[in-house]
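Take a look at this one chain, the form predicted alone, written out in C-alpha coordinates.
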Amino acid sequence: MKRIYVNEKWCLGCHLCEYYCAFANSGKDSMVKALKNVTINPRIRIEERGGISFAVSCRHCEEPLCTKSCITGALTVNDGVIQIDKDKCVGCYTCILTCPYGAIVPSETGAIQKCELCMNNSAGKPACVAGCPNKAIVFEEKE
(Lines give C-alpha, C1' and ligand atoms only; values in the text may rest on other atoms or scores of the structure.)
Protein backbone atom coordinates (compact mmCIF):
# COMPACT_ATOMS: atom_id res chain seq x y z
CA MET A 1 0.00 0.00 0.00
CA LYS A 2 1.16 3.52 -0.74
CA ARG A 3 2.11 5.63 2.25
CA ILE A 4 3.54 9.06 2.93
CA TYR A 5 7.29 9.11 3.54
CA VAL A 6 9.49 12.05 4.45
CA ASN A 7 13.12 12.60 3.53
CA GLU A 8 14.39 14.81 6.35
CA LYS A 9 17.46 15.76 4.30
CA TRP A 10 15.22 17.55 1.81
CA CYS A 11 12.72 19.12 4.24
CA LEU A 12 13.13 22.89 4.35
CA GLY A 13 10.83 23.35 7.34
CA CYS A 14 8.68 25.73 5.27
CA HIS A 15 5.38 24.33 6.64
CA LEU A 16 3.73 24.50 3.18
CA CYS A 17 2.57 20.89 3.60
CA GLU A 18 0.57 22.02 6.64
CA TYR A 19 -1.14 24.76 4.64
CA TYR A 20 -1.94 22.47 1.71
CA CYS A 21 -3.33 19.89 4.14
CA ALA A 22 -5.49 22.46 5.92
CA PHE A 23 -6.79 23.76 2.60
CA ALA A 24 -7.52 20.28 1.22
CA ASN A 25 -9.56 19.46 4.32
CA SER A 26 -11.34 22.81 4.52
CA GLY A 27 -14.00 22.00 1.93
CA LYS A 28 -13.49 25.39 0.27
CA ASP A 29 -12.47 26.07 -3.32
CA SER A 30 -10.06 28.93 -2.64
CA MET A 31 -6.98 28.72 -0.43
CA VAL A 32 -7.30 32.41 0.39
CA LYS A 33 -10.93 32.04 1.51
CA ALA A 34 -10.08 28.90 3.46
CA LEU A 35 -6.96 30.07 5.29
CA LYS A 36 -6.83 33.87 5.43
CA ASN A 37 -6.93 35.10 9.05
CA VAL A 38 -7.45 31.53 10.27
CA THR A 39 -5.32 29.49 12.63
CA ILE A 40 -4.76 26.31 10.66
CA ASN A 41 -5.24 22.87 12.17
CA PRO A 42 -3.55 20.51 9.68
CA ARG A 43 -3.42 16.74 9.82
CA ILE A 44 0.33 16.80 9.21
CA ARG A 45 2.77 18.76 11.36
CA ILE A 46 6.35 19.86 10.88
CA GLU A 47 8.55 19.25 13.90
CA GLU A 48 12.00 20.77 14.21
CA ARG A 49 14.67 19.32 16.48
CA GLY A 50 18.41 19.76 16.43
CA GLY A 51 18.38 21.57 13.11
CA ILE A 52 16.39 18.79 11.43
CA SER A 53 12.85 19.32 10.14
CA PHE A 54 10.50 16.39 9.65
CA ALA A 55 6.82 15.84 9.05
CA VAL A 56 4.61 13.93 11.49
CA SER A 57 1.47 12.28 10.13
CA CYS A 58 -0.40 9.02 10.41
CA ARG A 59 1.67 6.06 9.30
CA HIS A 60 -1.37 3.85 8.66
CA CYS A 61 0.18 1.01 10.66
CA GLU A 62 -0.42 -2.58 9.66
CA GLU A 63 -1.33 -3.38 13.30
CA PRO A 64 -2.77 -0.03 14.45
CA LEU A 65 -3.06 0.44 18.20
CA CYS A 66 -5.49 3.32 17.67
CA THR A 67 -8.14 1.14 16.02
CA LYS A 68 -7.72 -1.57 18.65
CA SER A 69 -8.16 0.95 21.46
CA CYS A 70 -11.17 2.76 19.96
CA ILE A 71 -14.09 1.91 22.27
CA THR A 72 -16.79 2.85 19.72
CA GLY A 73 -15.28 1.51 16.51
CA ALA A 74 -14.94 5.02 15.07
CA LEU A 75 -11.47 4.19 13.71
CA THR A 76 -11.39 1.50 11.05
CA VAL A 77 -8.97 0.26 8.42
CA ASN A 78 -10.26 0.41 4.85
CA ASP A 79 -7.86 -0.76 2.13
CA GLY A 80 -4.93 -0.06 4.45
CA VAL A 81 -6.06 3.49 5.30
CA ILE A 82 -7.10 4.24 8.88
CA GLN A 83 -10.25 6.33 8.67
CA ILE A 84 -12.47 8.12 11.18
CA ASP A 85 -16.25 7.86 11.41
CA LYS A 86 -16.90 11.16 13.20
CA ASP A 87 -20.48 10.13 13.95
CA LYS A 88 -19.23 7.26 16.11
CA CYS A 89 -16.42 9.12 17.90
CA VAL A 90 -17.28 10.10 21.48
CA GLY A 91 -14.09 12.05 22.15
CA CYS A 92 -12.55 9.74 24.76
CA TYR A 93 -9.09 10.39 23.20
CA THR A 94 -7.91 6.84 23.86
CA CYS A 95 -6.62 6.72 20.29
CA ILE A 96 -4.55 9.87 20.91
CA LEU A 97 -2.99 8.22 23.96
CA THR A 98 -2.19 4.96 22.16
CA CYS A 99 -0.76 6.34 18.90
CA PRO A 100 3.03 5.92 19.23
CA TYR A 101 3.67 8.64 16.63
CA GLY A 102 1.47 11.44 17.95
CA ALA A 103 -0.40 11.50 14.65
CA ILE A 104 -3.93 11.75 16.08
CA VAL A 105 -4.90 15.12 17.53
CA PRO A 106 -8.03 16.82 18.85
CA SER A 107 -10.12 18.50 16.16
CA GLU A 108 -11.91 21.83 16.11
CA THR A 109 -14.85 20.40 14.16
CA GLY A 110 -15.14 16.93 15.68
CA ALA A 111 -13.55 14.91 18.41
CA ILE A 112 -10.32 13.90 16.62
CA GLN A 113 -8.51 14.30 13.34
CA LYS A 114 -5.68 12.49 11.57
CA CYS A 115 -4.30 12.06 8.09
CA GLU A 116 -6.55 9.96 5.89
CA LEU A 117 -4.28 10.31 2.82
CA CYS A 118 -6.76 12.80 1.29
CA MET A 119 -8.95 9.85 0.28
CA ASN A 120 -12.06 12.05 0.38
CA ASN A 121 -10.72 15.22 -1.18
CA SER A 122 -7.94 14.66 -3.67
CA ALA A 123 -7.25 13.16 -7.02
CA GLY A 124 -4.14 11.03 -7.09
CA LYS A 125 -1.94 12.00 -4.20
CA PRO A 126 -2.27 13.72 -0.84
CA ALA A 127 -2.23 17.53 -0.84
CA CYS A 128 0.87 17.72 1.37
CA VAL A 129 2.83 15.68 -1.18
CA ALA A 130 1.59 17.75 -4.12
CA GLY A 131 2.42 21.02 -2.33
CA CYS A 132 5.93 20.18 -1.09
CA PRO A 133 8.26 22.47 -3.08
CA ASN A 134 11.36 20.38 -2.41
CA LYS A 135 9.74 16.94 -2.93
CA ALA A 136 10.72 15.99 0.64
CA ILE A 137 7.31 14.31 1.12
CA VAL A 138 6.50 11.43 -1.21
CA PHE A 139 3.56 9.08 -1.61
CA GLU A 140 4.86 5.69 -2.66
CA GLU A 141 4.97 2.01 -1.88
CA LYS A 142 8.03 0.64 -0.07
CA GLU A 143 8.87 -2.79 1.22
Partner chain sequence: MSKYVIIGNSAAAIGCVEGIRQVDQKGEITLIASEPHHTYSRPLISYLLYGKTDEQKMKYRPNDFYKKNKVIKRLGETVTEIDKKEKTVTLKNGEKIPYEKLLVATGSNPFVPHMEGLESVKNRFSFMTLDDAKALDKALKKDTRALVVGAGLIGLKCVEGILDKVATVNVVDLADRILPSILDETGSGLVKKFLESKGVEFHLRDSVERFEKNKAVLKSKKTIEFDVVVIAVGVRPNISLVSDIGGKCRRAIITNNKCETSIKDIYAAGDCTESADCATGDMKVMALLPNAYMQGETAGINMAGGTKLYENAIPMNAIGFFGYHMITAGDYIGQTYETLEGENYKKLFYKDNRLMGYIMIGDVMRAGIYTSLIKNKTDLATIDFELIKEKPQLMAFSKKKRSEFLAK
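Numbering follows the first chain given and starts at 1. The model shown is predicted, which means the values in this text are computed figures rather than measured ones.
What comes next is about the form predicted together with its partner chain, which is not displayed.
Looking at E108, you'd find every heavy atom of it more than 4.5 angstroms from its partner chain in the model of the complex.
Using a 4.5 angstroms threshold between heavy atoms, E47 counts as touching its partner chain in the model of the complex. By the criterion of a heavy atom within 4.5 Å, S26 is excluded from the residues contacting its partner chain in the model of the complex.
The closest heavy atom approach of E141 to its partner chain in the model of the complex falls outside 4.5 Å. Contacts of stretch 49-74 with its partner chain in the model of the complex, defined by any heavy atom lying within 4.5 Å, are made by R49, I52, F54, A55, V56, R59, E63, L65, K68, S69, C70, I71, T72, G73, listed in sequence order.
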